[in-house]
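Okay, so we've got the same protein chain twice, two forms, each given alone as structure tokens, structure 1 and structure 2.
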Structure 1
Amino acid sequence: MTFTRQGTCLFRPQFGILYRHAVPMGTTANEEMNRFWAKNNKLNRPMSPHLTIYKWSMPMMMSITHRGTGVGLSGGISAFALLALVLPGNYPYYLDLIHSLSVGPALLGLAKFGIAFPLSYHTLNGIRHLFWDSGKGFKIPEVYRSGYVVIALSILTSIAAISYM
């Protein structure tokens, strides 16, 4: 069998070791995965550990939350901008529509917190990451301390923003 790619024959002796590891052209990803798992089973290699074996820690949860708030904020802003372009009417019309729903203060406060907390958390945790970029705060006690400070300040700034609105 000869493996070729744009006129280069990898079966020739001058290519030595290359032809033994070349993948035949035209194989599918499924065939490659089957070949990969068959080789690993034959060599009795262990499977990589999954998320279930890790003990969840506060820095791990904060990292996941930071990524989630970033995706949520960018998605929310993009959706808001798209709706502002596509929907008929103007901003005061939709603001009056929301006021006419007569939602209770508890639900309104929860909605405000749902907007304020991700914004304040992502901003404050981003500042924490900027300190890390300068090489400060990498000792484990400092990581936990700065994490608790970010969480506390995020809650406090969110509550302050809600009470101001």
Structure 2
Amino acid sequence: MTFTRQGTCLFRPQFGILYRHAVPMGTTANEEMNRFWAKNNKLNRPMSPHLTIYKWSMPMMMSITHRGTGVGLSGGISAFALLALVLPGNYPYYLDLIHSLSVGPALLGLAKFGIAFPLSYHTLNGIRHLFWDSGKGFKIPEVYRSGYVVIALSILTSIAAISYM
């Protein structure tokens, strides 16, 4: 039984008696995969185009934005933590420093949005991801619908956060 499951099939059961093949039959899946990669790498073949030709869709863009905001948030928090550790002054000092910068309200609002939106988008899309992890919401119309809801709510909550903070 073990031999047949590997696929090399050295023994063949027939009417209760094990017959032995003269040569090992076939290849295992792993052997085939290895041969495939070895041959194609050796020949240095080019790959067919992917990112450059694939039509961008809303789920695609949301997916990469989720990744981008995730990287941004992790990087931002890590950078903040590192700076808090390394910089000489304390938090109120740097807060006053930022307050003293004469930045217009528009730019200030934009900066706040730049912090609030990644947070809200990543959180809301994360909840969408959790639904997927439970196996729900995979039908294509559902994917689009939940996607639009996430985008709308992210923008709304970001604006609310900016307005009230």
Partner chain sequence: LSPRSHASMEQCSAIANAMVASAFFTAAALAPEPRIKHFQIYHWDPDTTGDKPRICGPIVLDALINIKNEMDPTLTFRHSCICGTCAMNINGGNTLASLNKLDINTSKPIKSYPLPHMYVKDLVPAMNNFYAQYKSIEPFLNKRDESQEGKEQYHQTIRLAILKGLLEHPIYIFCACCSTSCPSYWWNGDQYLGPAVLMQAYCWLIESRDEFTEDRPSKDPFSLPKKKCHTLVFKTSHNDSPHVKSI
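For the two forms, the rigid core is made up of the largest set of C-alpha atoms that agree within 1.5 Å on superposition. Just so it is clear, the model here is predicted, and its values are computed rather than measured. The first residue in the sequence of structure 1 is number 1, and each one after it adds one.
Here the chain appears twice, and structure 1 is the form predicted on its own. After superposing the rigid core, the C-alpha of residue 111 moves by less than 2 Å between structures 1 and 2.
Relative to the superposed core, residue 58 undergoes a C-alpha shift smaller than 2 Å between structures 1 and 2.
Annotation: Cα of residue 140 displaced by less than 2 Å between structures 1 and 2, core superposition.
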